[in-house]
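Next up: a single chain in structure tokens, the form predicted alone.
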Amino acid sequence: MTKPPLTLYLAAPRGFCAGVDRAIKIVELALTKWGAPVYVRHEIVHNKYVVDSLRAQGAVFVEELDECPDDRPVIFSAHGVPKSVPSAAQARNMTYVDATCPLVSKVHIEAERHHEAGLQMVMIGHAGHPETVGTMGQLPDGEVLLVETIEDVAGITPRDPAKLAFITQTTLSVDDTAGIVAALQARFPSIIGPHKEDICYATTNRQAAVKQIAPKIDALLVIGAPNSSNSKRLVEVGRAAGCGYAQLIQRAGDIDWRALDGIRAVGLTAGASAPETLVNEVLDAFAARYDLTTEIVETAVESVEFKVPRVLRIPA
């Protein structure tokens, strides 16, 4: 049978960001240096394929430090941890490596700086997300007020409305966050914002690429994990940009081919925790079913690179 024609618009940038790449390297280098097992508190990044690959190499993933023995190294995930976690590791004389993304660490430093200046923080983020938990855990209880929506802004009661600053989770929707920021500024005119945008370059770039693709396509597929904030935001951005069908998939086996029946153009992107291997797997799946024409839609070129901690660097 003749395959039906299909144009696939492939977003660029897509997939791994510099912080994810660094975090994965940290686990791999730790396994090389100390051997297995190496413990990792929380998923190093939110992607099952990546986590399973590292587990096969000897990484043991746990949710809390209490699950780690004293005599094996432990790595803190790219999302960051509350201050209490490294303090507890130090108290147990544990060897630990912090794989927190430097752009998340920037937000932590920002929060501490404002706290030292006597300001209470408002954090725009998702309750329970590891990054939000880690960021709020940089300051004493009550010093960070969390808002998730524009409606939440009306419900917070700061200690002093004239002494506020705001920070954001790095993986939010750029457009949604702008609305919340506007609401904060309307209610608290003196609130201080970040010196530089908290939403990271990779989140912003991937959302911009989806917006560029959305008018051209009948359906959008986003490769990413169900617990990946930046991946879920890509689905939402696609829908908001006019794409009637936008679906999050973990890999090719999750594609609902019946939902794609009759389409002529599909968009494909990947969240910042998804490896290119999974993109290629999806491309192969489409090529097997369609007379496929692939067009790359590039909206930015990324060259950011973060160094691994000195303790893991291989001497030249």
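Nothing here was measured: the structure is a model prediction, and the numbers come from that model. Numbers follow the displayed sequence, beginning with 1.
The form predicted in complex with a small molecule exists for this protein as well; it is not shown, and the discussion that follows is about that form.
The partner is absent here; in the predicted bound form, the one residue of Ala78, Val210, Ile217, Leu221 having a heavy atom within 4.5 Å of the small molecule is Ala78. Checked against the small molecule in the predicted bound form, the candidates Val144, Val85, Val147, Val104 yield a single residue with a heavy atom inside 4.5 Å, and that residue is Val104. Shown alone, this chain has one stretch from 134 to 142, 168 to 176, 111 to 119, 185 to 193 that lies within 4.5 Å of the small molecule in the predicted bound form by heavy atoms: 168 to 176. Not displayed here, the small molecule is kept clear of Thr269 by more than 4.5 Å at the level of heavy atoms in the predicted bound form.
Proximity of Ala11 to the small molecule in the predicted bound form falls outside the 4.5 Å heavy atom cutoff. Looking at Val38, you'd find every heavy atom of it more than 4.5 angstroms from the small molecule in the predicted bound form. The closest non-hydrogen atom of Ala30 lies beyond 4.5 Å of the small molecule in the predicted bound form.
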